[in-house]
Structure formats: structure tokens, C-alpha cells
Ligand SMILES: Nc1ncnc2c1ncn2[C@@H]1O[C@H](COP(=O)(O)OP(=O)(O)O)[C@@H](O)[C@H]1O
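Okay, here we've got a single chain as C-alpha cells, the form predicted alone, with questions on binding and movement later.
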Amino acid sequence: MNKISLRGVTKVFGKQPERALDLLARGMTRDEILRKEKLLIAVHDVSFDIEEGELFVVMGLSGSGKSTLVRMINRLHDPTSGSVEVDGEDVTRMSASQLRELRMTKISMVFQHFALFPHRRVWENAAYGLQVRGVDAAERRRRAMEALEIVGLTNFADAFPHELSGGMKQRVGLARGLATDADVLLMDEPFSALDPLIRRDMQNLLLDLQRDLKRTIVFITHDLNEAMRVGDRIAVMRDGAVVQVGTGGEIIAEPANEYVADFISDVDRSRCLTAEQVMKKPLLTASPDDDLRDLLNKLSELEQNALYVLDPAGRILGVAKDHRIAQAISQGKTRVRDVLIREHAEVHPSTRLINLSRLAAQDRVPIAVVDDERRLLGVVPRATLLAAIAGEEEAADAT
């Protein structure tokens, strides 16, 4: 179910914004229009949907239009053209009173520079949105304290902002967004002013909160590793346009163009790609009643030393290895069921590659990728895993 939908959203800053769109349609570039007409096309023709409960990241370099885009969701900026829907209602057509209600009850915003009132205590800062809404003092205090407990600041409720560290101040900003019970959180580079260790702690906190609360979050960042770490999906922006939308793994596996490919070149692939995205169809499997001699010949032809043994439904029963097969044949045994090894590595399709490295080092048998019923979906050979982490897709495909 879509919580937010953008269709053809464009924002031009300057007088006569329609002229900029006309010139763009005639073939003039964005930079030419800015230089000659003093009109900035900050966002151009952006369309995408955000699902309810999704943590959706908008990322790009400075000047790419990401902050302008997100500010059109709650109409801090009015779009020049296009529509923005929240729960099926077009925000661009809302009256001033409807817009005020939207901002007070449905959408909260967390800013990069905390935006705390220095003369108010921590709990009062957390309760500010409720005060604007007209909630009575006792209820404001109660809900603010609940939000502060979620972000781990209950003991600092009566402190003032100058008594807090940068990370703690950002927690207060997050608590303020949570206290209103808003369905949607807009987060404008909320962690970029923090040092790396505190930033990672805040990312962990956000992920923990999202698992519990399942808010719809639109998160702006210029940091690709942060986007890959926190986002369910990511929209990559360049020069006011969205050039690709997808999961971190999808963007790494299939960048839409050279710009995206260059942008992701230094990302930690092991934390983004999943087993499903690199797994391969097994070259050979067996059933428990297969003949051992035939199987050993097939392993020799394929230059493999082991394979998975499956039941009729495709569930893994175990592993058969070449040396055990040869030993069993010398003992007069004839069927695969006589050589099964029950211990092997298997993972869910969504498992990140970073969690496969240790498993790959334990056994020469490719890691099995299985569904919830333990049916074999594919395998990840060690060479494929190493090639995928290194970004050598061609090597991985040849494995």
C-alpha cells in the first residue's frame, strides 16, 4: 500500500518558472537556463511511490535536489508542477488549514542541525509539536517522556540543550518527531553533523526504532554507505532528476547508468548484496536413491567434490562428498543415502554477503540458499562470493 506518491513533480526557483520548463522542453540544458535566465530547476519530473512502513532514502550530492524534493512532501516548498499524494490526498491542492493539520498530525520533520530551543528543557523540546497542536500540559509531558524513553534520554528530560552532546541533541530531535505519533517522518540529513561513531549509533537506533514502530520514513543523505545501511529502497538523484530507484543490492548489481556505477564504486558491497542476488543454480544435485558410481562419474566430469542431496520436494537432506562416495563404493554400498553428511551451511535469500564469509571459510561445499521450507533455491560458491564482494561481476558469472 502506497503511503506517498509523487507524479511529475518539478520545482523551479525564480520568476516565471513556467518559462524554465518551456526552455527545457526546447532543448536548453539546466545549466544554460540558470546562467541565461536566472531560473533554477531544482527538481524535474520526479515520480515514485513510497510504501507504508518503508524507510525510503533520497540520496545525491549537494545540489542534486534531494532536500527540495522532500520539502515538497509537506509543502515547505510548493511544486511548480506535478502532484504529491499522502494517503491518497493531493497535498498540492490542500488549503492552508488542511496543510496545517497535515503538518501537525501526519508528518513530522527531523532536521540536520537539531533545531532545539536553547531555553527549553529536553522534555519541552520533545513536546513542542504537541504544544503547537494544543495538547494540554500533562498529556504533552507524558507523551514527551514516552518518546524520550524510546531514544534513551529519560534521565536527561530536565536538562537544557547546551548540556547535551551532539548525538543526544539529535536524539531529542528524533523524540520530538516520535512524540506526535505522526505517520510520516521526514529526516533531512539528520546524522551528517555527527562524528562517525555517534553517527553509526544513531543509525542503529533508527533501525531499531523502525523495526518496532514501522513508521514511513523519508531519509535524506549524501552518504552512500549510510543510504545502503538504513534504506529499504533508495532514490539516487542527479541534477534535479531521479536516475534510479531500487534496493541497495539492486542498485549495486544493476546500476542504471555510468553515473550510478561510478557513484557506487567505493561502496561496501558485502553489506549491501544478498545471497539471492549472487546465488547460482547448482550444477548437480542428487536424490537419496541415486547410484553412487554414476554420481561419482558425474562429479568427476564437472570437476566438483560435493553436491546437495534433495528430497522430492526439493528440501535438503544433506551433502554427498566425493571421498565418502569412493569409500562407500569400496565397501560395497550403492546408494547416496549411505553417504549423507547432515552438516552444511545454508542461509536465507536475504542474508547479506558479509555474513556469508565465515561460512564459506568453513567448508568447500557451496553455501546453500534455502527458502522457509528449506527448499534449495541456489548455491553460492566461494569464488562467486569473493568475486561479488570485489565487484568482479564477470568473474562471478563465470564461476
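Numbers follow the displayed sequence, beginning with 1. Being a predicted model, the structure only gives us computed values, none of them experimental.
One more form of this protein should be noted, the form predicted in complex with the ligand, which is absent from this view; the next part is about it.
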| property | result |
| --- | --- |
| Candidate from 360, 336, 42, 370 lying within 4.5 Å of the ligand in the model of the complex - any heavy atom | 42 |
| Distance check, residue 349 to the ligand in the model of the complex, heavy atom within 4.5 Å | no |
| In the model of the complex, residue 331 touching the ligand (heavy atom, 4.5 Å) | no |
| is_contact(residue 53, the ligand) in the model of the complex, heavy atom dist at most 4.5 Å | no |
| Candidate spot 13, 65 and 68, all three touching the ligand in the model of the complex (heavy atom, 4.5 Å) | yes |
| The ligand in the model of the complex: contacting segment from 34-42, 352-360, 370-378, 336-344, heavy atom within 4.5 Å | 34-42 |
